[in-house]
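This document opens with one chain alone, in structure tokens, the form predicted on its own.
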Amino acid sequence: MIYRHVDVALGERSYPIYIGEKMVASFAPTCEQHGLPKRMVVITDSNVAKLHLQPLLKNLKRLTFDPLPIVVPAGERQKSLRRAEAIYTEMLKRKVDRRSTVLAFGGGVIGDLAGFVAATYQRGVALVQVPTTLLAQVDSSIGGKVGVNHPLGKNMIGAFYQPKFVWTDLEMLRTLPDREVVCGLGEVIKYGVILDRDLFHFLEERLEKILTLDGESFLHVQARCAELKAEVTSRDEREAGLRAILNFGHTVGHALEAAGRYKTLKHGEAVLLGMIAESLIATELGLLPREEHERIVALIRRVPMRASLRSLQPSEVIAFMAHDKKSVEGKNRFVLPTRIGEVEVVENVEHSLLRSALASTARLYSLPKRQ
């Protein structure tokens, strides 16, 4: 059942985000309503394939779609040029032409990887995002950012490429491990901090219900996050200005991911930690009142994250920040809160302050205190 839809207003590239639960029976008819080509390359990972692939393929075939499933191993390491090339090869062998659709069926890794393939295969084919994790449903599937990682940095090779629509079904989340739900909360809390004080307060009141995927509470949060991402994307599709605020928690977060070789932390966990560190930086710079920082930390601490950071070295984390794609002319850039619901972009934060923020996070999450 479709609960509601949110429009991303981008002129001729506008598209809807469909939000609801138990929506699989409506998927193929929606593809047909959008006039999508019948040949459909369904890119997914091994975890999603075991749980959800066959019902989706059956639904597509019922309306004479011709789905070609391509299943890749699960994990961030698959988001690479090497994996993209393997997918191109499979598509070429199967004679997939430009009159085809790529369906990104999975979490953030699959959404980025499959979206990158769609943007670049024969100079672009139709794309549909069907996110299956909380993080992907509320954030990464919306807005058209697609890409792959490089050994020197995350998302360094990519494009802006909008889907025909985004399909977010709460039912897909009910098979997720608890860790994946935790990861999604990183992006949800981010929206409250950067744009919506009322959403932040709602999370403070109902976090435990949201963690259990309570229908009413969760669908409200999911729809609100989609609205916020759609509004920002509509006003700044290519991150020329406003969209940069979506990077709160990500400058430190991406560096933590990279320092752990994308094995120690998942993206959402790194963002949660990054938000703690970056809100502390804002406090030390006199931008954020300490009581606001304490509210942010208190909410994040209620998220049951058990990731270990003992193997990460602060000096290496800071070194990876130098490769962050948001850096300008060698100066680091941070999105820092000035109050819950408002942020500003700050450049050239001193390394001593970064070390202090990482040390503070260490006291909460076992990050080594010394280099």
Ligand SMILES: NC(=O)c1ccc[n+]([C@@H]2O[C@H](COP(=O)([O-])OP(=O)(O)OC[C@H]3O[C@@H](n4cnc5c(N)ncnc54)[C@H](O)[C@@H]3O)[C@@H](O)[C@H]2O)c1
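We call the rigid core whatever largest set of C-alpha positions still superposes within 1.5 Å between the two forms. From 1 onward, residues are counted along the sequence shown. From a predicted model like this one, the values you see are computed outputs, not experimental measurements.
Another form, the form predicted in complex with this ligand, is not on view; read the next lines as being about it.
*Tell me, out of 251, 279, 222, 132, which residue has a non-hydrogen atom within 4.5 angstroms of this ligand in the predicted complex.*
Contact check passes for 132.
*asked:* Please identify the residue among 193, 255, 109, 102 with any heavy atom within 4.5 Å of this ligand in the predicted complex.
replied: Residue within 4.5 Å of the partner: 109.
*132-140, 94-102, 285-293, 205-213: which one contacts this ligand in the predicted complex at 4.5 Å, heavy atom to heavy atom?*
Of the stretches listed, the one contacting the partner is 132-140.
*asked:* Taking any heavy atom pair closer than or equal to 4.5 Å as contact, tell me whether residue 177 reaches this ligand in the predicted complex.
replied: Output for residue 177 is yes: heavy atoms within 4.5 Å of this ligand.
*Are any of the heavy atoms in residue 332 no more than 4.5 Å from a heavy atom of this ligand in the predicted complex?*
No, residue 332 is distant from the partner.
*Does residue 120 make contact with this ligand in the predicted complex, using a 4.5 Å heavy atom cut-off?*
Close contact is absent here: in the predicted complex, residue 120 is far from this ligand, nothing within 4.5 Å, heavy atoms only.
*For residue 48, is any heavy atom within 4.5 Å of this ligand in the predicted complex, or not?*
Within the cut-off, so yes.
*Kindly confirm or deny that 76, 154 and 172 each have some heavy atom within 4.5 angstroms of this ligand in the predicted complex.*
Yes: each residue has a heavy atom within 4.5 Å of the partner.
_If you apply a 4.5 angstroms heavy atom cut-off, which residues in 198-212 are near this ligand in the predicted complex?_
Stretch hits: zero.
*With both forms fit on the core, is the shift of the CA atom of residue 262 between this form and the one not shown 2 Å or larger?*
It does, since the residue 262 C-alpha is displaced 2 Å or more between this form and the one not shown after the core fit.
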